[in-house]
Structures are given as C-alpha cells and as structure tokens.
Ligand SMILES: Cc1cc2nc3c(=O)[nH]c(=O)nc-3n(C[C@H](O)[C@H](O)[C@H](O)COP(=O)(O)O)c2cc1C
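Below sits a lone chain in structure tokens, taken as the form predicted alone.
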Amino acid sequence: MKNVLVVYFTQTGQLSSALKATLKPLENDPGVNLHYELVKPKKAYPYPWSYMEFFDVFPENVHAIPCELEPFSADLHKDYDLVVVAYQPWFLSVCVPINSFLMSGDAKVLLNGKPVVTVIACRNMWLNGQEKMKKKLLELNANLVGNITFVDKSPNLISLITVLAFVLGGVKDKFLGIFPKYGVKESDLEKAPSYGNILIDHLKSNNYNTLQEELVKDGAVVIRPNLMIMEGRGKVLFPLYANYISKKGASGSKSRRTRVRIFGIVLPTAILILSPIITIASRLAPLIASKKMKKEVIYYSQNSLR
C-alpha cells in the first residue's frame, strides 16, 4: 500500500477541482491510500474579498509572514511515500496559508526526506511563487520531483478583469455577459487525470527521475514568454511596494490604508499599460536573445533551484 499525503489550501474550490481531477487515478487505485489535509487559518480568509482585504494581504504575503493555523489531522509519525502540496500563488509568492504550513514544525516532520509534487492553480503567473516553494522545500530537506500547473489561458488583460470580478465580486460565470468565465477551463480538468496516470507509475516504482520530463511532455507545464518577462519585473518591484506599505503599520491597521489603496490602483494600471508592451517585447525576444529565452523556459519547466 502506498500512502500519499495531500496538503492543500483553497478558498473558491478551483484548486480543489484541479487537484481532485489530477489525483483521480490515485483515488481509484486500491493500492494507494490518500489523506487530504486542508490547511485552515485560524482567522479565515474571505471569499469574495473586499477591495481593502485583498490588497492589504499583499505585504505580509510578499514578506512571507505566517498566519496561525488550525491543528493538522494528519498522522505526523506516518511514513508517507509521497507528499502533494497544492497551492495558489498570491502576488507572485506562495499564498500565506501554505507558506505558514511550510514554516511550521509539522512541515519539518512531514516533509523531511520525502518526494514532493506541487500542484498550482492560478490566474497565470506562478514562476516566482514556485521559486520560493523550491527554496522552502530545500530548507525542509524535501525532494521536489514534480510540478503540475493549471492556469487561466485567457489573454492577460482579459484574465485581469475576470479575476478581479471573481475574487472581489464572487462572479463565477461570464462577467457582464461579455467576458469569458474566469479560471481553469473544463478541457484542462478533463486532461488532468493523465498527469495522475503518469504520477502513479512513478509512485509505484518509487523512481521519480523522469517524472517532471514526462509531465512537461504531456502539457502539465506551459510557460508564456510575455508573462515570464512581466513576472521578472514584478519580482523586483513587489518587495519595494511591500516595504512601502509595511512602514505604515501591520496588517489591518488604519494607518496604512491610504498606501494600500494606492497600491490597489497602481498594480492593475501597471498591468494594463505594460502588458501590451511586454507582449510585443516577448515576440521580439526570440529574435534578439533566442538562446536566453529558451534557457529560461527550460529552467522554469524543471524543479531544481539555481
């Protein structure tokens, strides 16, 4: 019997749908025992968010400040054969609840020496969050053997509008009857069990050497150059904005509300302005620096940390 621990956090259920679809082959296999562990903050994050709540979480998320979690139900002394960690990136970083788990004593016990597969569901930018995940797992002596991603494949500016309608307004269907439904497409969920089939073969053989290569070949990781470039800019600027807000007080404090509001205006505006420019630049980049672009895509498709 193979024992698999699945640690995840979800607010809206989107990640849960992608996760369950991916792990369906494991659930249906009598030789695999799955334990799902939902990470629960003691102070729950809302859905839908209010405008201030959504942007106020930004500094603490970027600075990796943990929140208090409810106790785990998983057996800390059980010898799990594989651990799946499923999360959403928030503001180009690992979301606070999963990051809080990674910083906990439970994670030190559960992940030490274990093979880990990450499952990501998000709007479209996950590279920097996964880099931070890689670093955390190395610190915990865990072995990242696979990564599976689910993203909204709509154009960047379209998904910016629909994600704000989704997280701030709770709109789960077509926004204004014009914009496409936000989130992972049904066709991607239908494809997800194929990743699980690849995973279960490696789980049973206890050999993960070619797992990521096979997942990438099957479409589990797709990297868009324009988003890769945009993330690179955000990675540099986000800590500066986070410091700018944090200097005025802790999370929820009235003293920093003005700076949070400013950030809530600046971020979407910057994406609206920069997205077309960066899209054009990304199309020119292969002509100017093709080797560098290919090298970056290859790097982000695999699991080692440079």
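All of these numbers come straight from a predicted model, not from anything done at the bench. Counting begins at 1, following the sequence as shown.
From this point on, the text means the form predicted together with the named molecule, which you will not see here.
Contact with the named molecule in the predicted bound form, judged by any heavy atom within 4.5 Å, is made by just one of C122, I223, V216, I229: C122. Taking T162, T149, N99, Q88 one by one, only a single residue has any non-hydrogen atom within 4.5 Å of the named molecule in the predicted bound form, and it is Q88. Partner proximity in the predicted bound form, defined as non-hydrogen atoms within 4.5 angstroms of the named molecule, places exactly one of 135-143, 89-97, 200-208, 75-83 at the interface: 89-97. Using a 4.5 angstroms threshold between heavy atoms, V167 counts as touching the named molecule in the predicted bound form. Among heavy atoms of Y182, some come within 4.5 Å of the named molecule in the predicted bound form.
For the chain shown alone, F263 is not a contact residue for the named molecule in the predicted bound form, no non-hydrogen atom being within 4.5 angstroms. In the predicted bound form, the named molecule lies farther than 4.5 Å from every heavy atom of A242. In the predicted bound form, the named molecule lies beyond 4.5 angstroms of every heavy atom of every residue of 189-220.
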